[in-house]
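Following this are structure 1 and structure 2, which are two forms of one protein chain, each written alone as structure tokens.
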Structure 1
């Protein structure tokens, strides 16, 4: 369970398990919320099976969790004993030299007469030099034992343990955080309470009644687009000018929010994630009273910002009024009909049809503001008996026959989508990421290595036999400089062959 082989197998399984989630549409993945439903509709037979296997929600599925939890358990079981071993080896003396140094890396030997007694022995000289180079050193009779690079093991441990910290960070976000979305037309205000969100996904233990006290108003939204060249129509700059307040009684402040530059109030962040048009209209009813006035959010359908929307005036007298249609920021027409030639509002037009009757708002079931329940409504027709449809430029008015009401297209406003997120585990995850990176870099770059020097005294005044050699405990070769320095300092004669060549690499 805690062997490296298990780790390799589980890592391979983890990689394979992550694949289907990138090929099949996923719930809870921001890319395209409707993708799963579309896929299910197109593959009615296959989909229930895929769903049962959790393949539309791979990264939250039990089997995916099983793999990474097993991996983390196995890793902990593997790494904790290593911690203990590292601790012991740091506290114990460097290991003794092997009997046959000639078989170790970078072996060099020479003979030298011991100097006068006042001179330091080669052992002491070597020990000093190695200590200066950061080795842990011990002199043991005729032998010098040195080791360096424990940091590598420490790095390896920090790296592996950082994965556990990461799990805590991810879990904290999953258990206490939330994500929500809201669309605001220019001039509209959002207050950070659950009911004001268009969509709100709390976690298990999110404190939904005590969200960060915050409100903001979209004062102005600005979008600019490339107007020339091959990339004409590509967005270039978005800017949402907000005025916001944190809590009651605090002063109102202003901030520009742009992509990559969110509004950040005590870790609750509002990100600008999209935008579109909100035509401002005024609806008058049969008595000539204003029954609706203001911007209405139209949802963009493509990159030219041709947008669809619904305008509702349920309080109109004598009958409730509703309008359905589309908005074109730069209206143009070809043989297939009207279309938008550019995403910016150069020639805005509103195309509407009208309905009267009960739109089903009173029975209490919540209804999207973007769709119209037409079951009990009647389409307004023109004198020719055809459904009434009209294109309105700014300032123009659509007058419904029979004096039931009018709609005026006052001006063009824009709306912005905000993604509002709170993730209390973020700092923990960031800490884990830093540990991971530091640990990994250390573990992969530090070379743990041993160096030995042995003096074999010559018999009866003959020269001493001195040997040095080393051992790399990693896949990197020994650092030639360690041995070079040792030999240069101790060997009396000039070095005839560069040592590098003799170091087995």
Structure 2
């Protein structure tokens, strides 16, 4: 588990495991709340197997978590010992000179008589000069050891630590954070409690009973599209005007939320992830009483925002009423039938069929607001015995035969999808990213190099033998300027052959 090979294998497995999360629609993550349902309807035989394998919820699956935890353990076992070695390398003293300096880069040697006792020895003069040039220097007897570029090892240390910090940051988000999704029609209010979410995915240690005290209302949603040219119909601007409060007794504030500009309250963020239409209808039962009134969210099914939806009135008398159909923002018709010619609401129409009977809402089985259980329901038919279907423009009413009720299409409203997320590991991950960039840049740009000077005293008053050489610990050659300056200071006489020509690569 502590070998780098194992860590690389686990990292590769994690990348491969994330591929289905990119290719297949995901629950609680995808911006389109109906994407998984549509995929299941289009692939009825394959979808159950994919669901058993957790491929519609990859990042919350047990097998993905197992790979991640193994990677975390392996990286910890790899990185911490390596960091300890790098730290010792950063603090280490310059190494001793090799026995044969002539084999090293930029080797230069000469003989010189010792100066007066009042003058600094070659070792002291060399040490002072190298310290001025940023080298770490130590004098051991007749030998000067100098090394520079320790920041390279420090960069390596920061880089390796950043990988571990990144894993910890992601783990913190997965353990303490949460993600949720809610769709709000214009005028509707959301309160940050679990029961208000359309979908809610807590982490293992999320405190679901003490979520951030927050509520907001979608006052208005504005969507603009390109109306002319080859790009007609492409979105240009989405803006959700919110009024929000951050706790009991706090003042109401307003903010415009746009893609990549979320509402942020103490790290709980509401992202605008999608939108659509919510036709406002009024349903009256057989007695003429209003049994339902308000906007109904219809889910978009294509880029023109042609949308499907269901309207339910379970309290209607003498029997419950339900309507199923589709909404077209800019209705048109051709040989294929009705379709939407443009995503904006230039000619909105609502196409509905009606049903009566038990919707199955009283048996305790959870039921989506976007689907209709027709098991115990009958479709309303017209005088010709055919299923009753009608296209409604704004202000028009659909009257059901037998006096069982009516539906009026009052106006067109919009809705917006919000993804609400709390990720306490986000700042840790950001710190890790900065550490990674700083460490990698430092380790790639800093050169670590060594220089040695050795003075061998001459016997019986003979001239001293002085040698200077260096070594580069990177792929770059040793900088000749460091050796040039040192030799020039210790032996001012002209050098017949430039050092750059004799520096060994």
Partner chain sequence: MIDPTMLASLSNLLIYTAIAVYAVAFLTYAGETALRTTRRSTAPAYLGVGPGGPEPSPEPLSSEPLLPDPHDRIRQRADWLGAAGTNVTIVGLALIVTATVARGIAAQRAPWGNMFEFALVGAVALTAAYLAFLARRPVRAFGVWIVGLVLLALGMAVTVLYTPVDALVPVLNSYWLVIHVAAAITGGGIFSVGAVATGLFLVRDRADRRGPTSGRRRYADALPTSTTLAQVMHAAHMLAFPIWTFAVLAGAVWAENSWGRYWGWDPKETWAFITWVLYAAYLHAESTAGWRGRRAALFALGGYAAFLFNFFGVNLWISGLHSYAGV
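Since we're looking at a predicted model, the values are computed, not measured. If you superpose the two forms and keep the largest set of C-alpha atoms that fall within 1.5 Å, you have the rigid core. Residue numbers count along the first chain shown, from 1.
- Working note: structure 2 is the copy from the form predicted on its own; the remaining copy is not.
- With the core held fixed, the Cα of residue 378 is displaced between structure 1 and structure 2 by less than 2 Å.
- Taking the rigid core as fixed, one finds a CA shift for residue 349 smaller than 2 Å between structure 1 and structure 2.
- Once the rigid core is used as the reference frame, the Cα position of residue 77 differs between structure 1 and structure 2 by 2 Å or more.
- Its Cα shifted by 2.4 Å between structure 1 and structure 2, residue 147 is reported here after superposition on the rigid core.
- When the core is overlaid, the C-alpha of residue 61 ends up 7.3 Å from its other position between structure 1 and structure 2.
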